[in-house]
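Here we start with a single chain on its own, the form predicted alone, put down as structure tokens.
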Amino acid sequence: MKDTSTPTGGTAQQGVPAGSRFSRRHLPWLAGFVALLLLPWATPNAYHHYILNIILINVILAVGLNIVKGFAGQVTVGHIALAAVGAYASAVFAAKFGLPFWVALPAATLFTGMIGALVGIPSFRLEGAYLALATLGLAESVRVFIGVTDYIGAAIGFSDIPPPYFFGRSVVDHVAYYYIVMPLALVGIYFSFCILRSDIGRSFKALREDPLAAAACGVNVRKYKLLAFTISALYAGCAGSLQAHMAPGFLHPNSYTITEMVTLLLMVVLGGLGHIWGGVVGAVIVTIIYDLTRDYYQYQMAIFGTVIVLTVLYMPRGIGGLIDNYFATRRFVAIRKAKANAA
């Protein structure tokens, strides 16, 4: 369905007042924001508040991965390494250099974006499984580098990462931290919609369908590949920084292994590649399942791998595809009823 009121200044729908268009577009976001404001008070204990924060951080990661993989069609399995870069960069900025959280967060995000641009360079010549192997090698290299570097804790881990301070008070409570993570997650989701509806998003989708045809139509393939990796890395850096400063303020290289990458891929595949809300739902579901199956960690990889295979076989468009089919069916039924009534 054509969007006639994009944030980037699309053509306005004729005959509809501007105020009405604004309300119709932003009212659901406002309602969702109010509901999320009240959500922590509906959860019973501190551990559930912690899980809420983890869910929102994973939502940011999944939305970022969906941009490079779902929108632009680039095969990458190194997204978790970019989250590690963002987490450790933010921790170093805050714990070693004394920067406050409100400076360390954007600084780490921008630094990760620059690393993401470097990661995107191999995509100029590599495609498919070759690009996947290159990004997998990067992910393992980052984890090994962290594990042997004493300056950032090596295999012992990076501890005593300072929490955010707000008006002179430290934000160590998970409920209070939720009100930092939640707005950033909403902004990230909204920004991804803005990208999808813009000329950049259309170029990404053209690149995903056929790079040669996109180049023939005037799309700068190298530019948009690099841009997709960079934007995705910005999301990963933000999520990593939020993870680093959340209580208890501790990072370990084992939190960024291939297991976590498979879990992140499952969020996007289950939610639906290229479908923003599907990716959000996938992140919520997989995070909850991951937490519930934590006691059976030796079987988690087998469980998640099986779910990915079954999803690709029987639900190739993921949860997002089911959502699209539902609304398409509703529109079809409404059109058929309207024609029947007119007859």
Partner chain sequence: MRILSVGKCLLFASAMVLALSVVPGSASAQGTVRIGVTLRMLIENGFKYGQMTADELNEVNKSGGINGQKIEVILLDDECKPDKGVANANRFIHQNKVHLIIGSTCSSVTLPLVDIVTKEEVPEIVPHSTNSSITQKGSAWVFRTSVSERYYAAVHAKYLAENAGKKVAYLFTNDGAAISFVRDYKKYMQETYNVEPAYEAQMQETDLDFRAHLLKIKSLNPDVLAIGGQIDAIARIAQQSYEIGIPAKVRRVSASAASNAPVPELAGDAVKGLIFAAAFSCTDEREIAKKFVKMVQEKYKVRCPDHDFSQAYETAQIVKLALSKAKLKLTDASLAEDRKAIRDALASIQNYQGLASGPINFCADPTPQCRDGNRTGILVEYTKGGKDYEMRVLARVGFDPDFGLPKK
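Each form is matched to the other, and the largest set of C-alpha atoms that superpose within 1.5 Å is called the rigid core. The structure displayed is predicted, hence computed values, not measured ones. Numbering follows the first chain given and starts at 1.
Below, we turn to the form predicted in complex with the partner chain, even though it does not appear here.
Residues placing heavy atoms within 4.5 Å of the partner chain in the predicted complex fall in a single listed stretch, namely 149-157, out of 149-157, 123-131, 105-113, 264-272.
Using a 4.5 Å cutoff between non-hydrogen atoms, Y314 does not count as a contact of the partner chain in the predicted complex. The partner chain in the predicted complex is not approached by G305, whose heavy atoms all lie more than 4.5 angstroms from it.
When contacts are judged by a 4.5 Å heavy atom cut-off, L310 does not count as touching the partner chain in the predicted complex. In the predicted complex, at least one heavy atom of P248 sits within 4.5 Å of the partner chain. For the partner-free chain shown, N254, S255, T257, T259, E260, W277, V280 of 254-281 come within 4.5 angstroms of the partner chain in the predicted complex, judged by any non-hydrogen atom. Once both forms are overlaid on the rigid core, the distance between the two CA positions of M301 between this form and the one not shown is 2 angstroms or more.
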